[in-house]
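The chain below stands alone and is given as structure tokens, in the form predicted alone.
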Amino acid sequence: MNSLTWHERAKAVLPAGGFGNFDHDVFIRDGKGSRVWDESGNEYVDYLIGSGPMLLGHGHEEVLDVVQQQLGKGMTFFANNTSAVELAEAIVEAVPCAEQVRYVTSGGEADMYALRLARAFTGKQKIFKFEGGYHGMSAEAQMSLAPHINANFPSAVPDSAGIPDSVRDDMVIAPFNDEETVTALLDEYGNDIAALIVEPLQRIIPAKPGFLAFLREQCTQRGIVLIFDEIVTGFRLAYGGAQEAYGVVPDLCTLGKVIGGGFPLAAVAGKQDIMRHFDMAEVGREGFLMQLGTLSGNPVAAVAGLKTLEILRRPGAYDTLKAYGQRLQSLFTDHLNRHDHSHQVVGDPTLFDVLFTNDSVVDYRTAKAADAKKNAVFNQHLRAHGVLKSPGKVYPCLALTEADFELTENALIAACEGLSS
């Protein structure tokens, strides 16, 4: 049975025929190392890697070994387990802001609880976020994620039906990388803002030099909780995440993807005086933030995450990942330049993409101004020639081989020629 047939079956039982994530006509059957195969038998070099978690590649033998051992002991308990404690210890050791950790199952949950935690800690209500920043699926996060109109700042634009109008009143929206606008909005609303949440690398857009340090200084001065959404960047940009890479330490961060080693696991991590609001004995009923989850701290995910972090700590892991990313960036740039396609490679070697524009990309609106139709055609040609990637990101992984780079280069040649025809 091929992917097309499965798509027809899916449409009968799933809204829009999919899970709401990647292209609904793609059905992946197997993954091994840097490659995946779909239900039609097509083989791809995988730069999607599950939207980021499979930093080691699919089916890493050491990870599979510890998972299989744990499966024989039990899959979940809704009680403490030692592996999740050990993983929390590893996170605290690695991540600069992390003094304590609270587990959840998904990155979106982690972001939701981080915002709620900031409100509990400060007693304030408003949330400051950047237009185009992705922070999960909560009502707050779905404000000005991908707005269809360019509203005046700080007005929020809901990206989803079903969100109460009242949520808008608690949101302050700003353009990324714009210190002047951020300062003006904080001057006006700062006394009411509980948290400023930011992706240190917003999707693929780097912060300008000094911008994250500026946010740190402003939040400290104004008593605002600074939250780094490190669901994507955690343990990817560096072992200690963006905090280590950029040298700026938030009050809270959210982690996901890599820490579960391919299994559902995420976390809120941060300063003990804020995290204590998860403990009623510490803060009393009025300050207590209730949080529980059937699979939070799941032992299978915990052992997979522990082994993944152990492998990432080995000498040369991040040097290799960055070198692979730089090599890919050069391949994209070289072949697009040879065919005179105006473009920019935007991001970090560990996470980037191509945007077809001549203008500088510094925020959501400048990224949105790029030629999205050309990008879609480019990605279609890449897929047709054996390269699988998301519409807006390339995720390098440590499992890439020389054969993968060769296939990728041939696909790029074909895609560039396809754009020219």
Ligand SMILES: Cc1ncc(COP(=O)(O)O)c(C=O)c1O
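The first residue of the sequence shown is number 1, and the count goes up from there. Because the structure is a prediction, the values reported are computed rather than measured.
We do not show the form predicted together with the named molecule, though everything after this point is about it.
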### Query
269, 232, 87, 242: which sits within 4.5 Å of the named molecule in the predicted bound form by any heavy atom?
232
### Summary
Answer key: of 153, 288, 214, 134, within 4.5 Å of the named molecule in the predicted bound form (heavy atoms) is 134
### Message
At 4.5 Å by heavy atoms, is each residue in 107, 199 and 203 next to the named molecule in the predicted bound form?
### Response
yes
### Message
Please determine whether residue 111 contacts the named molecule in the predicted bound form, using a 4.5 Å cut-off between heavy atoms.
### Response
yes
### Query
If you check in the predicted bound form, is residue 102 within 4.5 Å of the named molecule, heavy atoms only?
no
### Message
Is residue 257 part of the interface with the named molecule in the predicted bound form - any heavy atom within 4.5 Å?
### Response
yes
### Query
Of these, 308-316, 341-349, 223-231, 158-166, which stretch puts a heavy atom within 4.5 angstroms of the named molecule in the predicted bound form?
223-231
